[in-house]
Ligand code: DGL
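Starting off, we have a lone chain in the form predicted alone, written out as structure tokens.
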């Protein structure tokens, strides 16, 4: 009874790893659209088309529930998918909700009016497409008031991580943090708004300095998924084994994925 996890590339493996630890008996079907990564510089229509294609492949594998482990897809495509594309009996969820639940200390089912929260200044680090969508700010506004969000488009970080150039990724992270902190010198919290960023989370923490609460997605998403499945067991699909699919070269993607997770991952070509 499999759950699908979609990402534009390899970043979603950070979510898959956390979900596998939290729900070890649940088969997971991962779809990485590596041939078209990164999404962060694409148009909203392009992101929507690519995301629906990948999610449909996961539905075809027997998944009734798919997690968009890609902030860019969650920001640019999720609402449009939920409003007019997702078939009856299927569900597609994004990765913003668990972050905002943690930041505001409110459950998403709490539909009371937005109210002041403890955190007043937030630094958001994300891809250019996620930043330009303002999806995080829009969703946050449904639950909290008085929060100042300063967003930094982190161009190049995903590309460097996907290429395995962690020296370049490190340098880019430090540059982007410095750029944001010139505009917001003392954020109370920092949101790592891309599932690739946990791979360089320690660099973000070091660059931000002490006193900044850093919110990273994998464990938050895994816990939220466990809670969701406990309440909606009918959304466990018919798939019965874990599979890794890619639109890229399976051998190359498998080798990179193995480096990221430090355990052997074997991808196969998506049909």
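In this text, all values refer to a predicted model and were calculated from it rather than measured experimentally. Positions refer to the first chain, counted from 1.
The following text describes the form predicted in complex with the named molecule, which does not appear among the structures shown.
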{"query": "The named molecule in the predicted complex reached by all of 31, 58 and 246, non-hydrogen atom within 4.5 Å", "finding": "no"}
{"query": "One residue of 123, 161, 194, 76 in contact with the named molecule, assessed in the predicted complex (non-hydrogen atom, 4.5 angstroms)", "finding": "194"}
{"query": "Interface membership of residue 40, the named molecule in the predicted complex, 4.5 Å heavy atom rule", "finding": "yes"}
{"query": "Segment assignment from 77-85, 194-202, 164-172, 137-145: heavy atom within 4.5 Å of the named molecule in the predicted complex", "finding": "194-202"}
{"query": "Residues in 50-87 with any heavy atom within 4.5 Å of the named molecule in the predicted complex", "finding": "69, 70, 71, 72"}
